[in-house]
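Let's start with one chain on its own, the form predicted alone, as C-alpha cells.
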C-alpha cells in the first residue's frame, strides 16, 4: 500500500475537573493513496476524537502525547508530522482545509447561520488558492453542481437553514472538496439522513473520490456502510483499534469478538424473523476504562484471569491484517 497518511502510537489525554482521562490510547493505522479507510465503532469509541487530533482541532484541554506521530505526505511529496507543526503555522493552515478536507457530522454546526453558503465557500477557496473572488465564486457554483445540487447559481446565495438536510450535506461535501484536498475525512456524513438520501450521498462520494483521485477516512458505526464504500477498515473500541485489515477479509472472517458482535447486530433481509443480537452491555466512559482488555466486560468469550488482567498485544495475521485479542494468542500457542 502506498500510504498518504501514517498514524503511529496516537495517544490523546484531556484535563478535566475529575482528573486526566485518556480516551485515545496507542492508535496505529495508515491510509493508502486513492483508498478509503473505514473507521468504525459505537458512539464513544473515540473515532471523532482521533480524526480531530489528525486535523489539530482538539480543545485547549487536550494533549497529544509527544511520542505520537501523525505523518502526512503533502502534495509536494514531503512527509510532514502534523503533530509537530506549531499552532497558526503557515504549513498547518495550508494542510488543514487545503490538502486535508473534513466533512463534519452535522452541517448546521459547520455552516454559519449569518453567512450564505456561497460566502463561506468563497472564503475557503480564496484562503487555499490564488483565485480572485469572481473565480472563487465560479468554482463554488461548479462544486455545488458537481455534488448534485439543483440550481447551484441560486443555492450559492442561500443560507444553510434554507436547505433541506440532504442539500446541506451535499453543500458540506462541496465546501470540503472546493480546495481540492488529497485526503478527505468524513465524520458520519450520512447518519442524520434517511435511507434514500444516504444511498445517494454514498454514491456521490464514491464517484467524487474516483474522479478526483483522493484518499478518504470514512467514520461510521455501521459496518454495512463500510462494506459499500471502503477498501480497508479499522474497528475501534474505547480508544483502541481492536481489529484492522482489508474490508472484505475483516467482514468475511472477523477475528475479534467485538467485530463479530457488530456484524451480528446488522439487520438482514434474509433473517426477518430473527431477533437482532446487539453487543451486550454499554461502552464504558473513558474515565471508567477497565483493566486488561477494554472489551472484556462485554465479551461473552472472555478468559477469566487473563482478559480482565492483561491488555492484549497486537497479533499480526497477515502483513496488512491484525487484531488485539487474547483468544488469538491462546490459539496460536495451542497450534504451536
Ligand SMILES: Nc1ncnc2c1ncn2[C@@H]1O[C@H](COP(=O)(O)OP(=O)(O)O)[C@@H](O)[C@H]1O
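Here the structure is a predicted model, which means the values were calculated and not measured. Numbering follows the first chain given and starts at 1.
What comes next is about the form predicted in complex with this ligand, which is not displayed.
Put simply, of 49, 31, 70, 27 only one has a heavy atom within 4.5 Å of this ligand in the predicted complex, and it is 49. A single residue from the set 305, 66, 281, 59 has any heavy atom within 4.5 angstroms of this ligand in the predicted complex; that residue is 59. Under a 4.5 angstroms non-hydrogen atom cutoff, this ligand in the predicted complex lacks residue 290 among its neighbouring residues. Contact annotation: residue 21 falls within 4.5 Å of this ligand in the predicted complex, judged by heavy atom distances. Residues 42, 43, 44 are the ones in 27-44 with at least one heavy atom within 4.5 Å of this ligand in the predicted complex, listed in sequence order.
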